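Okay, here we've got a single chain as structure tokens, the form predicted on its own, with questions on binding and movement later.
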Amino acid sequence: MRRAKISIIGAGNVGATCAHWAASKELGDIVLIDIPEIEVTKPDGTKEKVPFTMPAGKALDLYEASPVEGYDSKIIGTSDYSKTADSDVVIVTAGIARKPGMSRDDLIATNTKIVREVAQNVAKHSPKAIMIVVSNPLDAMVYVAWKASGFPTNQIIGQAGVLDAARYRSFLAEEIGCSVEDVQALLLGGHGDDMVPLPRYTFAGGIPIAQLVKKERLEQIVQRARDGGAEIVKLLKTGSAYYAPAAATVQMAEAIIKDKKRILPCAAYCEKEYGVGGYFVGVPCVLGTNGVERVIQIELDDNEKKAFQTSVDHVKELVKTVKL
């Protein structure tokens, strides 16, 4: 039986941690890829470009851990996209973080260029791959990857809902004093500030969350989940979250590689579904070998519909700023 192949584009903290989680789960062979060169400043103050060997170093380090941890995966680091050929799953984490003084439009313009090039290379070397986009701003970058790759919509997925739900579930378990494994939650809409938690679809051990957490406290927990990424940025001082984003991404990859048919909240393409009209938004999806195998439509009350529509409108506004 052929071993699955996972390519991870972007060898920073999120990408390298995706490789770590994927290897530990023994999901398949892994290619960690990044840019070929970086610019460095020499002692005399002049600048020069040198080969960027960091992906190879991280891959080798992770491979050398395999005898200790007992996972049997081939792991390489490179800047050569031909090494990613015939990947089953491609995880895209490439892109820059927003810097002080940088506008949202500047960030989108820069990362659009990066993700567009990545998606075109993925389409060239792995036309049957399922692409999971993690790059920010997520709701715009998954749209860029779709347009640039030319992939059918089932092969393009944005990772956001699994992470947002994980944060929400973590905080609820802490509040209730129960195992995180016993908390089930569902979210809709965009990533972070735009997420739409659904208390009616949130349970702990099968018990409706409203019976366990008071409404005022639940609203505070919801807000903390929305601000989850910002809270970590504030604590780290430099950098942003990577353990949980990577774990969430690899859960999606595992569902695809193992054809698990998991129902997970993902940024999936919706046309008629929920009346979205052709955008990638967070909805519950069945993930399997074919990527997004089904978008599940759930019943929403008037307040939930209103909150979801507000989130969808924000996604549409974000996508309008994209210039392909």
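Here the structure is a predicted model, which is why all the values come from computation and not from measurement. All residue numbers are counted from 1 along the displayed sequence.
The same protein has a further form, the form predicted in complex with adenosine-5-diphosphoribose, not shown here; the description that follows concerns it.
Only one of Asn136, Thr112, Ser87, Ser149 comes within 4.5 Å of adenosine-5-diphosphoribose in the predicted complex through a heavy atom, and that residue is Asn136.
Proximity to adenosine-5-diphosphoribose in the predicted complex, defined as a heavy atom within 4.5 Å, holds among Ile35, Ile263, Leu60, Ile298 only for Ile35.
Contact check for Met54, Thr93 and Val118: all three have a heavy atom within 4.5 Å of adenosine-5-diphosphoribose in the predicted complex.
Proximity of Ala22 to adenosine-5-diphosphoribose in the predicted complex: non-hydrogen atoms within 4.5 Å are absent; the residue sits far from the partner. Although the partner is absent here, Asn13 lies within 4.5 Å of adenosine-5-diphosphoribose in the predicted complex, judged by heavy atoms. Contact annotation for Cys18: none of its heavy atoms lies within 4.5 Å of adenosine-5-diphosphoribose in the predicted complex. Put simply, Ser240 is close to adenosine-5-diphosphoribose in the predicted complex: some heavy atom of it is within 4.5 Å. Comparing 271-279, 27-35, 285-293, 41-49 against adenosine-5-diphosphoribose in the predicted complex, the single stretch with non-hydrogen atoms within 4.5 angstroms of it is 27-35.
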